[in-house]
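Here you get one chain, nothing else, as structure tokens; it is the form predicted on its own.
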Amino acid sequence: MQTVGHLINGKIVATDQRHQDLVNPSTNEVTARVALASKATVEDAISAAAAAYPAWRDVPPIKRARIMFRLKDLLEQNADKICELLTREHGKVLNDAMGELQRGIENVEYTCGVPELLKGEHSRNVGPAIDSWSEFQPLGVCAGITPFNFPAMVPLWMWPMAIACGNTFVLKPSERDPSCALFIAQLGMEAGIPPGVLNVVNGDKEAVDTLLTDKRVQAVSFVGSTPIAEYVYTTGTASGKRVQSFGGAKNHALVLPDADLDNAASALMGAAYGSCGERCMAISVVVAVGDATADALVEKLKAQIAELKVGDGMDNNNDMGPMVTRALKEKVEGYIATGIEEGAELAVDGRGLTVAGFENGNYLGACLFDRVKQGMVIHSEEIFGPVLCVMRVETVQEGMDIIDAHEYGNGTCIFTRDGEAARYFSDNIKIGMVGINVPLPVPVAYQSFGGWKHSRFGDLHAYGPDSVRFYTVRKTMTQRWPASGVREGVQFSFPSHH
């Protein structure tokens, strides 16, 4: 059986004693196994990155950018293979995988401008014959820990910018679907990344803890659930590292009575059920203003759910594939049972779905709850499955209060034709990413991604301008060349412009 190994110092290695099966979510058949890195294996990767750093940091930024240009081309040339690897291990429909990869490629495009992004600041004559300037220098060895739901895109949020800025990198992708992240890293080597500059280790908590505590690792980026995000942040910062850690979400859509409900329903379908709801930016709660709005919206959603095509992700005729694991499917089904017990109205029940030819797959149809209340578990917790909850309120402010009260603050959106209401919402809602008639307000690559509250730990956001600051440290120089032959007196007072 094929074993997915690690990429360390330019070579694939898989000498570890522990392994985990890789399963096709459409069939639950074991397709391969992945090596789980020991502490020693992770330390080998860190050592390779540390050894490669001195030479790599001195490579001119324009040469590092040229590698990123070549990587972009290779990603586009190999897009079909990457997406097939992704879909076979994760389950999402190929079209969705292609969209994910394209977003990752856009982040690589942004890194191609790194010579401009790393330009410092210069001030002449800050004092008599004194000049001052700042530079953005790399940190050293950096690490990334990435989730199962975006196995191509999220690694491309991290290591391309990190190494373009002159750092070296150790990536630990999800052990559930590691193959495309490893293949993309190999494309990076083909593009010209030297051995040791980019390393990939597959593993579980043992690998994570090694990256978080090894003193040679200077910075860690993480995307995953909030409990693990908080653990990564507290453990990494306690070890003296710079950490950005992105956690869970419960994203609400506020729907006003004046909204275009047909378009809103269509947008919410994709935002709630795309990729089986396994997205940190998925819309999982609709807050409808007024019973008439809620009634009409629920009926439109029910009609579209009836037409939803669920099946194998390799078939682009399908809208939704299987969930990534049977365990996650069963967990989501547990939430559905809890919602019924709590008194929510299950308007559409997607449980018990069987797909012909894939009867053993992790399939769960779209589920829709109505009349969900604050305090219900299905509202307070992140379900991470194809479950959409509808809440009913009387006013816009009541809806905003519900959104603001939630512990997560990743994303939100409003559907309305009223510009004043939209502006008030976007100005005052306490959420990090806001959409106006846009259900998934994920920023483009040349901005930055990140929520508020328990959806993010750390000061800087992911990718975009913030990633340059995260993967570099500012150094400021001040210099003076006194005129020859001029003797200056001693000055004991603090320098100033007075």
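Computed from a prediction, not measured in an experiment: that's the story for all the values here. Throughout, we count residues from 1 along the sequence that is shown.
Heads up, the form predicted together with a small molecule isn't pictured, but that's what we're talking about next.
When contacts are defined as a non-hydrogen atom within 4.5 Å, none of Tyr110, Phe136 and Tyr471 contacts the small molecule in the predicted bound form.
Taking the partner from elsewhere, Ile228 is found to have a heavy atom lying within 4.5 Å of the small molecule in the predicted bound form. Interface residue remark: Cys280 is counted as part of the site for the small molecule in the predicted bound form, having a heavy atom within 4.5 Å.
The small molecule is not drawn, but in the predicted bound form it has a heavy atom within 4.5 Å of Arg176. Put simply, His252 is far from the small molecule in the predicted bound form: not one heavy atom of it is within 4.5 Å. Checking 302 to 310, 415 to 423, 397 to 405, 197 to 205 against the small molecule in the predicted bound form, the stretch whose residues place heavy atoms within 4.5 Å of it is 197 to 205. Checked against the small molecule in the predicted bound form, the candidates Gly188, Pro322, Gly247, Pro155 yield a single residue with a heavy atom inside 4.5 Å, and that residue is Gly247.
Contact with the small molecule in the predicted bound form, defined as a heavy atom within 4.5 Å, holds for exactly one of Asn167, Ser275, Asn410, Asn362, namely Asn410.
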